[in-house]
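What follows is a single chain, given as structure tokens, in the form predicted alone.
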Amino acid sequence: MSDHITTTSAKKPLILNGFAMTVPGHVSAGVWRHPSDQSQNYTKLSYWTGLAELLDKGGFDNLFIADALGPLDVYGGSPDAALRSAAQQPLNDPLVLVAAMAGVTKRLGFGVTVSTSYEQPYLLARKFSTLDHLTKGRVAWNVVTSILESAARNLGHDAQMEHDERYERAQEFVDVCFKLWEGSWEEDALVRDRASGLYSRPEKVHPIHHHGSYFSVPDAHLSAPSPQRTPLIFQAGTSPRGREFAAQNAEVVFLGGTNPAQMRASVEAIRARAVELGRDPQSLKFITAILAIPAATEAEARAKEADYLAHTSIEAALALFSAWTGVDWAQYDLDQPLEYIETNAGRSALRGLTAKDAGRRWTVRDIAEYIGLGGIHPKFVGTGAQIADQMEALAEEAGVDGFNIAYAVSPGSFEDFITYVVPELRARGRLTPEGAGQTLRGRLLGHDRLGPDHPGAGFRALWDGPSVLDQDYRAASAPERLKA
């Protein structure tokens, strides 16, 4: 690996995201039953505005909100287990919460998961432009492809697309969005001259003339350019095709799993591919998720962990694990050794766990107990200093730039993190400086708009007239689109 794609550097601020979902419990299976957990208030606006205010004042950069589009019905062939145990069911829409949370915060960003598998780019581009205006540039899009067969079934399809084809559709989807955000309205298209009555210059607003394999979008973007134009692009997915998509499109990549060596391999592979695609490899940031259980002493933290573990549910954990892997683990004895099985769902979760410890064979029961707290992510338990040490060590070993902080109970886990861990990170220079950037991209990357090396920036060429980008999208291979 050449020096210009090195994944570590001198100590620098770590990206800090709160990790949540619009459900009564997220990745800690069954812990909604704990008396201190308030996630059952997820249907109340005050729950979300309160959480946003807490994170905003507590030094977090962003609230990263996960999502799914179908019932979790892989385990036992029905949604019954998920419904019984509140395993990410029931589930609300996260996008509509952002404007309200932005209204009570000053610097916190909002990264919202939206799948390319069933949305329409013309409509989604307008939603994100609207939110980018309302947040003053503090919104991000976590780009995913849906893995649930139930989502396909309920959204008009007999079955979901094959894994790699989902990414082909996703690539065209984001290209259409980039055209709309970056190539449709020129910088000086808006005039807003009361005296002359001219609001915008029609000659500066360009139809994108997109005709592709999955989408036809001939006209201009409905929304005027927002502070970031394109929301900050997050991406989650580390399969080979997911890595390709990340190298081409992502600005911040979310890596799941528990194995630092595997994370580093993904970081290095994605950065190396980004170089081949003409991107600055250091323009990509990488994050992973952890569950932190801090307290004033290690003994208190261990007691808190034991208390949370007593409220976990094996049924809820396996309902989640079945949905993530596409395997019905109800068909297996709890003492069955875990093996990798190729599926059309999320491949990295199962691949990572089957290789988690080379010297150990995990059983289905082991995994259910492990993911009961914090899902398929590392767990850090101890004092604030101990957890800060572990975060720094993982960042160094895995080559990542920050973390999604999962919760056992909400908002209690975030309150504890802010009380015990944030002061340690601040003292070590590991928090983003207070005045860094007005937009989310400016805060995390140092610039408000897509960098010139990002493929999406190339669609600004539409201002200069028709090109291969808009005249014959289907005939242009991905490398040709990038070169253009």
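Treat the numbers as computed from the prediction; the structure is a model and nothing was measured. Numbering starts at 1 and runs along the sequence shown.
This protein has a second form, the form predicted together with a further copy of the same chain, left out of what is shown; the following refers to that one.
- Not displayed here, a further copy of the same chain is approached by Tyr42 to within 4.5 Å at the level of heavy atoms in the model of the complex.
- Proximity of Glu424 to a further copy of the same chain in the model of the complex falls outside the 4.5 Å heavy atom cutoff.
- Although the partner is absent here, Glu119 sits close enough that one of its heavy atoms falls within 4.5 Å of a further copy of the same chain in the model of the complex.
- At a distance threshold of 4.5 angstroms between non-hydrogen atoms, Ala102 is in contact with a further copy of the same chain in the model of the complex.
- Heavy atoms within 4.5 Å of a further copy of the same chain in the model of the complex are found in exactly one of 231-239, 202-210, 265-273, 373-381, that being 202-210.
- For the residues Gln336, Gln331, Gln282, Ser216, the 4.5 Å heavy atom test against a further copy of the same chain in the model of the complex is passed only by Ser216.
- Just one of Ala247, Ile314, Val364, Leu97 comes within 4.5 Å of a further copy of the same chain in the model of the complex, counting any heavy atom, and that one is Leu97.
- The candidate site formed by Pro260, Thr288 and Ala296 is entirely out of contact with a further copy of the same chain in the model of the complex, as no residue has a non-hydrogen atom within 4.5 angstroms of it.
- In the model of the complex, not one residue of 277-304 has a heavy atom within 4.5 Å of a further copy of the same chain.
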